[in-house]
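First comes one chain, alone, set out as structure tokens in the form predicted on its own.
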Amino acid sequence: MNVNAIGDIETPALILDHAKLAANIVRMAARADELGVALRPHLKTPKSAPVAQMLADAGANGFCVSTLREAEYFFAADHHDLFYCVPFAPAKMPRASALIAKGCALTLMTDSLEGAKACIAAAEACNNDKPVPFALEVDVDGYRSGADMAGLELIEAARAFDRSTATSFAGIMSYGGASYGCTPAGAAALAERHVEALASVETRLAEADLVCPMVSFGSTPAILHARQLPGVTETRCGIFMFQDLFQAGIGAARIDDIALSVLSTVIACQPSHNRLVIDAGGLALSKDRSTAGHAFDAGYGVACDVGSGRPIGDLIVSEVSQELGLVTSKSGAVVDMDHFRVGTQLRILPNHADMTAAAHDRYHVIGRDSSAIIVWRRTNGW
């Protein structure tokens, strides 16, 4: 569906700047080439086939997904090499096996011997002709999930996957999520720790006569700031496509790199409170407050000019209810009510692009002149 102009879009709506998206993709593809690793982008952020195709055209070497709905959707869009990189729930094995039986090169993941045994039992129960590939996640910095890299469980889990006829051992991975709390130099140091940890685990696997085809490492800030990634076969990152205020705040992007925004309409002006009311609230923007507590705190989003997409002074969405947002000046400067009449459109840059996009079912993709050029659907749910 085409839309003639941005002013024709009913608000709130998700806006995607095509030029910025394309530039972000090219930048990360060049970075992966510079580091000498394959780029496996994470599709949990865009959840849209046209974006995946842009990534594939830029040289993406397979994709990551975070739900089976994503895996099914992108496989149907002819993207077959998928890594479902969330610890796998064994009860979902029939859906995963069905995809593999259809020809999807779907790799699953777990992070413990207990998880491996449960997944092997589930795979055996499905009686699939093709073994289900499983990777193991290594815990390097305690950020989220992952197996103790020094323990025996990881080796035993790999051996169990290797021995079963229903599964195969695909390799190891780690996630540098702690890089989101680092300076650029800190993110580079974190990447080095992950590389060293993964190399140590790969050595232990080799000593146990276990082949490790994949050594996967990811997180956008860690990859952008890494000095080198020796031994890593692929890198996983996703937010780089859209970027957001948090990424800009930690130096992984510039404000001008943010390709995603929420189009909203001023629905009330309140001079006595020095604020505007817009029709984009907690559902349209999300209630993610990841910038809180930082010098770059942006409330629930930064208010931008609808045409240029550039911030308007220091206007932010300071409060939200379900469907309403309150726009105020961060410094307390007087808001020019005459400039923001009821009906005026604003674009709001998000704190966390993943969470903001999650409430929407489509993107309105705009060109350089801010004309809406086309609507791209996205998939949601699990």
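This is a predicted model, so every value here is computed, not measured. Just count from 1 along the sequence shown to find any residue number.
The protein also exists as the form predicted together with another copy of the chain; that form is not presented, and the subsequent description refers to it.
K.L.:
Given that the partner is absent here, state which listed stretch (310 to 318, 32 to 40, 335 to 343, 50 to 58) has heavy atoms within 4.5 Å of another copy of the chain in the predicted complex.
P.N.:
The contacting stretch here is 335 to 343.
K.L.:
Just one of Pro131, Gly251, Gly282, Gly231 has a heavy atom within 4.5 angstroms of another copy of the chain in the predicted complex, so which one?
P.N.:
It is Gly282.
K.L.:
Is there a non-hydrogen atom of Val277 within 4.5 angstroms of a non-hydrogen atom of another copy of the chain in the predicted complex?
P.N.:
Within the cut-off, so yes.
K.L.:
Cys269 near another copy of the chain in the predicted complex, any heavy atom under 4.5 Å?
P.N.:
The answer is yes: Cys269 has a heavy atom within 4.5 Å of another copy of the chain.
K.L.:
Using a 4.5 angstroms cut-off on non-hydrogen atoms, would Asp305 count as touching another copy of the chain in the predicted complex?
P.N.:
Although another copy of the chain is absent here, Asp305 would stay clear of it in the predicted complex, with no heavy atoms inside 4.5 Å.
K.L.:
With heavy atoms only and a cut-off of 4.5 Å, decide whether His273 touches another copy of the chain in the predicted complex.
P.N.:
Judged by the heavy-atom cut-off of 4.5 Å, His273 is in contact with another copy of the chain in the predicted complex.
K.L.:
Check for me: heavy atom within 4.5 Å of another copy of the chain in the predicted complex, for each of Phe74, Asp257 and Asp297, yes or no.
P.N.:
Not a single listed residue reaches another copy of the chain in the predicted complex, so no.
K.L.:
Going by heavy atoms, what in 313 to 331 lies within 4.5 angstroms of another copy of the chain in the predicted complex?
P.N.:
Result: Ser321, Gln322, Glu323, Leu324, Leu326.
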